[in-house]
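Encoded as structure tokens, the following chain is the form predicted alone, with no partner shown.
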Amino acid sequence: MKKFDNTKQNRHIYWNPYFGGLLLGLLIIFTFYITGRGLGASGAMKSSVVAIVDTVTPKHAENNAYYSKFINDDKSPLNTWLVLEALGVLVGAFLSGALTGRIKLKVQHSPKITKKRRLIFALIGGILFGLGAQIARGCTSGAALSGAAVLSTGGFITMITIFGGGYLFAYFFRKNWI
């Protein structure tokens, strides 16, 4: 019996990055038109943290100067379009992976490092990027892309800093990828 070879069927066809960039630009314009503001993802994380703290320790959340700004008796901190946007990104990514047959649980890493090390570095990088997004008052999409779309100096500085920092640190951590 002939063994079925599905390697040709599992070829990954990716969009042209320039086409993806064009779509992202159109999405930012559409978002400004509909909501009056640009894209952003770190705001959804902040809303989620505020909701969790308010659920676990409501007294602490009420008495905290930061958390109390986002707590309202009438509506949940999760009742914001940023949370819906982040959920939409997750659902869209899952659908994209499902439609192209790319959904599988695996850790991509260089042969030079272990899965554990790759996951630790990813966790540390994610935490640092999340903290940086809060300090900068926006993430790559909110501060950089949406800021640059309205020709904000801060948006351009954020974008240069994010990509410049990425290139700088990539030199020191390249063995984790190649």
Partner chain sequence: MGPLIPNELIPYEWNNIIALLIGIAFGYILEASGFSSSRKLAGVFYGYDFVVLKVFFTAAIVSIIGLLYMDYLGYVDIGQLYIHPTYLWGAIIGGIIMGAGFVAGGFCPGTSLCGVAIGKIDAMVYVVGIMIGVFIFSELYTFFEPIYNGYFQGNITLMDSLGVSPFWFILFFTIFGVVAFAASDLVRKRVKKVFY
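Because the structure is predicted, anything quoted here is derived from the model rather than measured. Numbering follows the first chain given and starts at 1.
Heads up, the form predicted in complex with the partner chain isn't pictured, but that's what we're talking about next.
> How about residue 59: is it within 4.5 Å of the partner chain in the predicted bound form, going by heavy atoms?
Replying inline: Residue-level check for residue 59: no, no contact with the partner chain.
> Just to confirm, residue 71 within 4.5 Å of the partner chain in the predicted bound form by heavy atoms?
Replying inline: Output for residue 71 is no: heavy atoms all beyond 4.5 Å of the partner chain.
> Taking heavy atoms and a 4.5 Å cut-off, does residue 55 contact the partner chain in the predicted bound form?
Replying inline: It does not: once the partner chain is placed as it appears in the predicted bound form, residue 55 has no heavy atom within 4.5 Å of it.
> According to a 4.5 angstroms non-hydrogen atom cut-off, is residue 96 in contact with the partner chain in the predicted bound form?
Replying inline: Because a heavy atom of residue 96 falls inside 4.5 Å of the partner chain in the predicted bound form, the answer is yes.
> Going by the partner chain in the predicted bound form, which residues of 35 to 56 come within 4.5 Å of it through any heavy atom?
Replying inline: Read in sequence order, the residues that approach the partner chain (within 4.5 Å, in the predicted bound form) are 35, 36, 37, 39, 40, 41, 42, 45, 46, 48, 49, 52, 53.
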